[in-house]
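Next up is one chain by itself, shown in structure tokens, the form predicted on its own.
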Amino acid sequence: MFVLNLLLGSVSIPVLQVVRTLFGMEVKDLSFVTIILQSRLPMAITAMLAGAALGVAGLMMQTLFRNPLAGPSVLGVSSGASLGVALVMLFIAIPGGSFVAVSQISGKYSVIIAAFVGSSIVLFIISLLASRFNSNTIILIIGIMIAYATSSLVGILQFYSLKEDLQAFVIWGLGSFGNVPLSLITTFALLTAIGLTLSVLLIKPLNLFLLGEYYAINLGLNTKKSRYWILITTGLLTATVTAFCGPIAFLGLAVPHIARTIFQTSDHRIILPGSLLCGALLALVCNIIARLPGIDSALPINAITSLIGAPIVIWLLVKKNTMKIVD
């Protein structure tokens, strides 16, 4: 899928030219170099990393809250990122403001920084609550309430914003794997790698949480400390992806179900790397579909993830339950 992301797109590029470009050899058309190195390669890397991060984050949330409908967005981290971006794109555009929008001055970098700051603030609040309360339900409800509150603030900013700024904000909210330039790929990859490494270190606590909180305590697990690190890790992965790509829908919710159906286990030693691989694969597939040959511009990635992913999950769940009935 990664290779196909480099080969397919609105511009037809021969396979040999793609290979020569990647290895720094001479190509017959310099525009091929620009398309591959400045567009397709960063986009493919971003899709792979974002899908892996969201798949693992969704798995951890579903395990922690013992809820198949839980996803990375339940903590309100994505909503915090949206509020940060809204403040940058829309706030100064309120009637009476004497300055242009910050995003028009410093471009996409200000949007990434604002999204990361907004999501980090929410993550900080959640981490404080996690260290104080010993109830998953309370943390879950507070996260949902934070999401509602930040969405309300974003709605107020949208109501008073200018049409051009509102359109830019809506487009950002549709999500895209093409917003990370090659110069920021290393930063994005490093933050994602830190989150994924922490998730691997949490495999044992996650397996114990499957038994129930009381069983986990009896087996010697410090559930409060483990919950804290699971929330921090999930928040870091979600904040990173949202800041660089926008709020990507569906992947975090669906990928764990796909991985469980394929690997037929709930053991996180298998299902966590399985969710990582399935998330990366599904994101790359959706990215190819969003840039099908013949389409001049990329379609919104959120529309593709839900449109393509939902039938896959439904089919896998129906097939799984049908097999159980037959057995």
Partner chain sequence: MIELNGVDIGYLTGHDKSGVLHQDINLELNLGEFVCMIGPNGAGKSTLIRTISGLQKPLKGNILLDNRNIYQTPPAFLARLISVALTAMVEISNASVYDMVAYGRSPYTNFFGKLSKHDHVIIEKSLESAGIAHLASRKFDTLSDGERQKVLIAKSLAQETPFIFLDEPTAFLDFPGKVEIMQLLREAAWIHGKSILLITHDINLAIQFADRLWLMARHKPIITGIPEDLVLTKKIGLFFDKEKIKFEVEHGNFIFETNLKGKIILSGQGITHNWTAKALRRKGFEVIAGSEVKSGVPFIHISDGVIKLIFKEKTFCFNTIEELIKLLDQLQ
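Residue numbers count along the first chain shown, from 1. Because the structure is a prediction, the values reported are computed rather than measured.
The next section is about a form of this same protein that is not shown, the form predicted in complex with the partner chain.
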query	finding
The partner chain: the contacting residue among N218, S152, Q167, T186 in the predicted bound form [heavy atom, 4.5 Å]	N218
Selected contact from I171, L210, I138, L190, since only one has a non-hydrogen atom within 4.5 angstroms of the partner chain in the predicted bound form	L210
Non-hydrogen atom contact L201 with the partner chain in the predicted bound form at 4.5 angstroms	yes
S39: touches the partner chain in the predicted bound form, heavy atom cutoff 4.5 angstroms	no
Any non-hydrogen atom of Y148 within 4.5 angstroms of the partner chain in the predicted bound form	no
4.5 Å heavy atom contact, Y214 to the partner chain in the predicted bound form	yes
Partner-facing stretch of 49-57, 258-266, 30-38, 273-281, counted where any non-hydrogen atom is within 4.5 angstroms of the partner chain in the predicted bound form	258-266
Residues within 4.5 Å of the partner chain in the predicted bound form, restricted to 164-195 and counted by heavy atom	none
